[in-house]
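Coming up is one lone chain in structure tokens, specifically the form predicted alone.
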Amino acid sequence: MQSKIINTTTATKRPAFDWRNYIVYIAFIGVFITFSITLYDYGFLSTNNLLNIVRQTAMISIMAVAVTFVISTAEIDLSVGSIAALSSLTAALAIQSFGTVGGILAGLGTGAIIGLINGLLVTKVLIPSFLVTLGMMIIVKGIAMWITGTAPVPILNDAFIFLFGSGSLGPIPMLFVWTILIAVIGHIVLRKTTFGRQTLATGGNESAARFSGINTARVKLIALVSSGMMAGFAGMLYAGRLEAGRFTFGEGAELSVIAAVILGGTSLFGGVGTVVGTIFGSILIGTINNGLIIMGLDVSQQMMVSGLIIILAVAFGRKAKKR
């Protein structure tokens, strides 16, 4: 009887619907409807423009899926943009000597190695991930500029360009296919596997997770290696789309990635994560940027709006922590 009373009391205190849990979806619908009405005459709803949004957000979305795991463990990865740039170059260079397979292995391998270094420094040397990945961001950027003398490396391999750039399966761009594939895998791993549960437990309360038998260092290491590898994959998408490797790819992408993750509902303080929300967060940012460009705002004005989005993201992260 007592337990029934307690359950009844708890149920009466719990709101039936908390709109804050769905803020990214509400914001996306609101922004999309607003731009659809105000920018209809400028072609916002045209097929080409909608496909452009998909293509432009693919790289951010894929990096954000992996960073969702990193942030869910209460860590962070600021090096993803630089890793994408270096991976685009190593993939382009490898293609010239070893063909498509060599380029893919070089791009993914570059990201995985840098992610492994990040993970070992965080879990073995116990340096905060913010400092490790901040330093790695600068180092990797320097390497990307050094190995080619800041010159772009062209890609003339049609198979690579089709797979990671301008190719399509019927009317569906390959960039969208990769985004959906990575998002589905990420969602299943986070929600349906032991590793996903261990990731959330590590970020929620690392000490408790460790005492319960979870190897929290291994969980963080895998998350950071995966983040580096997906940044390398995004670098190949940059290279395939523009048919060249460039050290400028991914500049500022780390901020967009983190904003997408936090806007999507993942707590900046760990323990709460959602891949589906991350994808919508990324598409929301891409839609806003696309609309601002159509409206004719210059780069400085776009930067101001992007900064506001990041502040909102942090605010939502703090709200989630207080729950």
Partner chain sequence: GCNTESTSSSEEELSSSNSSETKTEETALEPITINANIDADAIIQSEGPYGESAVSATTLELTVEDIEKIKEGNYTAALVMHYAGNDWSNAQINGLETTFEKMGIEVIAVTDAQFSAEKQVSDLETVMARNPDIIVSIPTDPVSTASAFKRAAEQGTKLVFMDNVPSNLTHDEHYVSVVSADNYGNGIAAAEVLAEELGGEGKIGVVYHDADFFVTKQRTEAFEATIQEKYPNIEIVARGGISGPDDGLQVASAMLTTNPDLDGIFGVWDVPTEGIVAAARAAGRDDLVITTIDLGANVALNIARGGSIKGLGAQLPYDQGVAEAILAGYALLDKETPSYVAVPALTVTQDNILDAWEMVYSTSAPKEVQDAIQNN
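Positions refer to the first chain, counted from 1. All values derive from a computational prediction rather than experimental measurement.
The protein also exists as the form predicted in complex with the partner chain; that form is not presented, and the subsequent description refers to it.
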query	finding
Joint contact, 52, 151 and 250 to the partner chain in the predicted complex, by non-hydrogen atom at 4.5 Å	yes
Location of the partner chain contact in the predicted complex, chosen stretch of 221-229, 142-150, 108-116, 86-94 [non-hydrogen atom, 4.5 Å]	142-150
The partner chain contact at residue 238 in the predicted complex, heavy atom, 4.5 Å	yes
Residue 31 within 4.5 Å of the partner chain in the predicted complex, heavy atoms	no
Proximity of residue 244 to the partner chain in the predicted complex, heavy atoms at 4.5 Å	yes
is_contact(residue 276, the partner chain) in the predicted complex, heavy atom dist at most 4.5 Å	no
Interface residues of 108-131 toward the partner chain, as seen in the predicted complex [heavy atoms, 4.5 Å]	none
